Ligand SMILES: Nc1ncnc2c1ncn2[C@@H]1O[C@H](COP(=O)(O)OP(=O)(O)OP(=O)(O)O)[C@@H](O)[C@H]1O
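Encoded as structure tokens, the following chain is the form predicted alone, with no partner shown.
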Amino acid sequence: MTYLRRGELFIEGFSSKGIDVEARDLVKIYKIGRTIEVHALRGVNINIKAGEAVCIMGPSGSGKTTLLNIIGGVDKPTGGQVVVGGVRVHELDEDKLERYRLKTVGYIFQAFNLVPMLTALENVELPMIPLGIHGHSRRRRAEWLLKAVGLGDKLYHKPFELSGGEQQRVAIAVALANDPPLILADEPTAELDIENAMRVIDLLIKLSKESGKTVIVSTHDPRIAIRADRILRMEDGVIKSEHKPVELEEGASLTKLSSLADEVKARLAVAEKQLHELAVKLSRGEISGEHFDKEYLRLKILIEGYKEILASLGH
């Protein structure tokens, strides 16, 4: 692996590790006109350790995106504090916020936010330009990142030539371009089919488990939740509860975590995870073909049953 002399980036790989994220008494009020106020955050307190993968779940309008935007320096709080890696983000001026967003935060939006007239390669190169990374090094790193997300054969495709899942993976490569220690992802699987959603989930979890990044994901998707270190349940602008993924697997506290449909989705996610792990064990020779066939059939029946229940609930 080679270090760049300018911009402090690996050309190949990741050098920066995760950082702590803390919010204290975080409040955000949006004003509409002269008289209407919308309280998006009502005193949020969180403490996320470096290298953790944390999932924030909750209904639409609960404040998940607002919280990510404030942590990411995209928006400013009305009150309270945000401290990321020792930096008091809420006190930064616009110039310092821009630098913070460039070097510290990799933000993966639900909308892919790719520049339509640029190729995948050029989109990934773009965030490196303000850091003064010269062209050859930018190109090498962008190529490595796109190969890392499984798009080595799509370097010169423009966004409209890519599927939704491929565009999201380009967006992840863009977010990783400057080797940020903090990854924020807002509903990253919302518009994806199961196969592409699982690819994105695998990438996000690998960033935490293998590269040591701090990963915070806002989502309704229990397939992400069961792979995270912790689940924070948000409602009406506050953190209502905290859960461990094992609670989803064991079925504990699910009524506190979500609606009936979300409970079924959680159990579907557990079964899909078990199916994935079963295939891995077979490939490693850890189980026999007979054992695989028996468990595969059981899990497929279970998965189809959960899907039928969701269909009956209108999902």
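None of these values were measured; they are calculated from a predicted model. The numbering used is simple: start at 1 and walk along the sequence shown.
Note that the form predicted in complex with the ligand isn't included here; everything after this is about it.
Participant: Give a yes or no on whether each residue among Ser163, Asp193 and Ala279 has a heavy atom within 4.5 Å of the ligand in the predicted bound form.
Facilitator: Checked in the predicted bound form: no contact with the ligand for any of the three.
Participant: Looking at 26-34, 282-290, 45-53, 263-271, which lies within 4.5 angstroms of the ligand in the predicted bound form, counting heavy atoms?
Facilitator: Selected stretch: 26-34.
Participant: Is Ala40 close enough to touch the ligand in the predicted bound form, meaning at least one heavy atom pair within 4.5 Å?
Facilitator: Taking the distances in the predicted bound form, the answer for Ala40 is yes, it comes within 4.5 Å of the ligand.
Participant: Please tell me whether any heavy atom belonging to His220 falls inside 4.5 Å of a heavy atom of the ligand, as the geometry stands in the predicted bound form.
Facilitator: Yes, His220 is a contact residue.
Participant: Tell me, yes or no, whether Asp229 is in contact with the ligand in the predicted bound form, where a contact means a heavy atom of each within 4.5 Å.
Facilitator: Outside the cut-off, so no.
Participant: Given that the ligand is not shown alongside this chain, does Glu143 nevertheless sit within 4.5 Å of it in the predicted bound form, heavy atom to heavy atom?
Facilitator: Glu143: no contact with the ligand in the predicted bound form.
Participant: Residue by residue through 39-62, which ones have a non-hydrogen atom no more than 4.5 angstroms from the ligand in the predicted bound form?
Facilitator: Heavy-atom contacts to the ligand in the predicted bound form: Ala40, Pro59, Ser60, Gly61, Ser62.
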